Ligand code: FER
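As a starting point, one isolated chain is supplied in structure tokens, in the form predicted on its own.
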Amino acid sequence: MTKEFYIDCDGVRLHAKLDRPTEAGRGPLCILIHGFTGHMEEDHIIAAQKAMNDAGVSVLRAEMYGHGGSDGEFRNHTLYKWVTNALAVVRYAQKLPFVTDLYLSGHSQGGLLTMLIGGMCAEAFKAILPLSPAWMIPENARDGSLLGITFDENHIPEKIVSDSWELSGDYIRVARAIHVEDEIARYDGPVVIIHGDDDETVPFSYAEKAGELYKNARVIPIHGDDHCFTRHLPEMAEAIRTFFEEEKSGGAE
């Protein structure tokens, strides 16, 4: 069963859907967040949601500022805005009366957000699941590049333009100020990183590096798959379902 609504974040409406397993009572919930230019109805987000539901986990899908049905223009979104949005979603989830354990998962820039919020609210989550996390964005922004577009890091342009999107230079200013390693160090709980090892957008080496930096991480490669798991989507979904079924049975570390 699905409930569609909005979550308020300081006057910004965040489009959300709550998907619960059939006849669900009290139990776990996972917040699930899309990536850069993405939305909650993408194939890989739906596959992840259904895998969680199949394992008996409720899912709160939320769209961040400037994406999907949420308020704001894409060109004006920044990682700071997304962090503020995600904190509002976490507060909403924590107040739901049926929730026993809370999890957090996100894809690409949503995976980066998962890593940031995981450290900021470490006590809130039983585990976090970054999917193809694009946590190289701040590092690349400091070096003068964003998703293949280069710029002078000493003179940030008014806007960054690609063939399919445009961003304010504020996105770069914010990204450069973020150091993901700080939040990695703050999270001691279980981390499951699922990443295609043929990812053309975020090299698989970033998943391996994150796996080494976290205190309690497992990296699950989806062999031969790309950034959005278009080649082996069922394998990605199965990895998620298996993790949550292990959690239910007490078999996961």
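Note that residue numbering follows the sequence shown and begins at 1. Bear in mind the structure is a predicted one, so any value in this text is a computation, not a measurement.
Not on display, but discussed next: the form predicted together with the named molecule.
- With the named molecule omitted here, the record of contacts in the predicted complex names 28 to 36 of 214 to 222, 187 to 195, 50 to 58, 28 to 36, defined by a heavy atom within 4.5 Å.
- The listed set A88, I178, L147, M120 contains one residue whose heavy atoms approach the named molecule in the predicted complex to within 4.5 Å, identified as L147.
- Shown without its partner, this chain lists M136, V83, A124, I156 as candidates; in the predicted complex, only M136 has a non-hydrogen atom within 4.5 angstroms of the named molecule.
- The closest non-hydrogen atom of N140 lies within 4.5 Å of the named molecule in the predicted complex.
- In the predicted complex, the named molecule sits within 4.5 Å of a heavy atom of S108.
- Taking the partner from elsewhere, K209 is found to have every heavy atom lying beyond 4.5 Å of the named molecule in the predicted complex.
- Contact check for Y103: no non-hydrogen atom falls within 4.5 Å of the named molecule in the predicted complex.
- Proximity to the named molecule in the predicted complex holds for all of Y171, T201 and H227, with the criterion being a heavy atom within 4.5 Å.
- Of all the residues from 85 to 103, none has a non-hydrogen atom no more than 4.5 Å from the named molecule in the predicted complex.
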